[in-house]
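As a starting point, one isolated chain is supplied in structure tokens, in the form predicted alone.
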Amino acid sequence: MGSFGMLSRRALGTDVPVMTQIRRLMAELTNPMSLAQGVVYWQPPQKALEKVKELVWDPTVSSYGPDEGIPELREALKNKMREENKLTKSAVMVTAGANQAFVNLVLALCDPGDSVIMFEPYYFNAYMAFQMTGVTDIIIGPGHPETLYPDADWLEKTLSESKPTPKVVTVVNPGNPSGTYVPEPLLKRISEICKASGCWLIVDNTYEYFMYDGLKHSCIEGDHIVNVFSFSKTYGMMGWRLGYIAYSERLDGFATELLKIQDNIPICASIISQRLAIYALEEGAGWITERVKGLVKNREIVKEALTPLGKENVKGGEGAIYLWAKLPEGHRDAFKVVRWLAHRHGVVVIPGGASGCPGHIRVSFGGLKEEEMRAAAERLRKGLEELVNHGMVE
């Protein structure tokens, strides 16, 4: 049996991270081009980086800070949430990225054996967060076949019929992996259904600024709602690992339970990252939206590359940095297609099976500047044309 038999069932039952598999795949290649990982091509604001550079010798950045985040950043975030998100009654905790924020919430809200609800295609890291904490009754709800919107009628029926009631419903808005946003009326309806059923609603707003074609992102708050945000994509701070949780300030004891969890995982988010975030926020939302405008061309380039699959098979892209595409019939094993595209055509995407949808792929249009994006998209187009017309030619 060896040491394998001594490992926890929670860990063994958790999916292998798809990005770990993708990195291993890329290590097998020479000069791969990635349309896989959800990253943006820009770095944090130059002014913010210049300011934080001066802090390296400040002893406070090498020490622990308050578990919930340094006061200056939390105050800045409250102002941002009031002005931009219309969250006027929310307290905030700063975390080491949005993924850590989500794990904090799962630990605070769920017990092993609880049931939870996600919608397909779901965000793979959120699914894994449930798995690794012992929440194995993960109910996957359908998205609308055309829009991919979460099916609120199904949700209402499922919550009313499930005994015990699922503890948490979670959505990503706009979506990862689909790039589909949740319109405000639908988000409000989902919230009302959750409230009536007595379950929590976690909304991941990582891509709040990444909206296209005149669409607007919206947030809602309530005693049953927790909102998650991130600095990773917005300010190009992926490696700085910074996110935050917004929750109702009226909730008795909620902050205390979050602090228990926070103190036993990171203690606090990196202090220098928090200081950078303060300086980044000074640049304002306009700094982000200017860069997001530049992604519109990238999106069109990648959409064009996906046309061999048929326009009816390409969804999403209203928000975030993703397009969601269905592969030709007979290619349900999307990871096999991903490996073939990587080795034969030198371009890497994410298999949809990681998000509960075999036979699909997720393509990111955020990580490369336009010239590089054109080169990567051309590889993808040639690969998909060959796949459609001749199959996976060796």
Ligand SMILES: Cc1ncc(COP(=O)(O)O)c(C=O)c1O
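One rule holds for the numbers: they count along the sequence shown, beginning at 1. No experiment lies behind these values; they were computed from the predicted model shown.
Absent from the display: the form predicted in complex with the ligand. The rest refers to it.
Screening 74-82, 156-164, 235-243, 256-264 for residues having heavy atoms within 4.5 Å of the ligand in the predicted complex returns a single hit, 235-243. Contact annotation: residue 119 falls outside 4.5 Å of the ligand in the predicted complex, judged by heavy atom distances. Proximity of residue 38 to the ligand in the predicted complex: non-hydrogen atoms within 4.5 Å are present. Contact check for residue 181: every heavy atom lies farther than 4.5 Å from the ligand in the predicted complex. In the predicted complex, residue 176 approaches the ligand with a heavy atom inside 4.5 Å. For the residues 210, 123, 149, 200, the 4.5 Å heavy atom test against the ligand in the predicted complex is passed only by 123.
Exactly one listed residue, out of 94, 98, 302, 169, brings a non-hydrogen atom to within 4.5 Å of the ligand in the predicted complex: 98.
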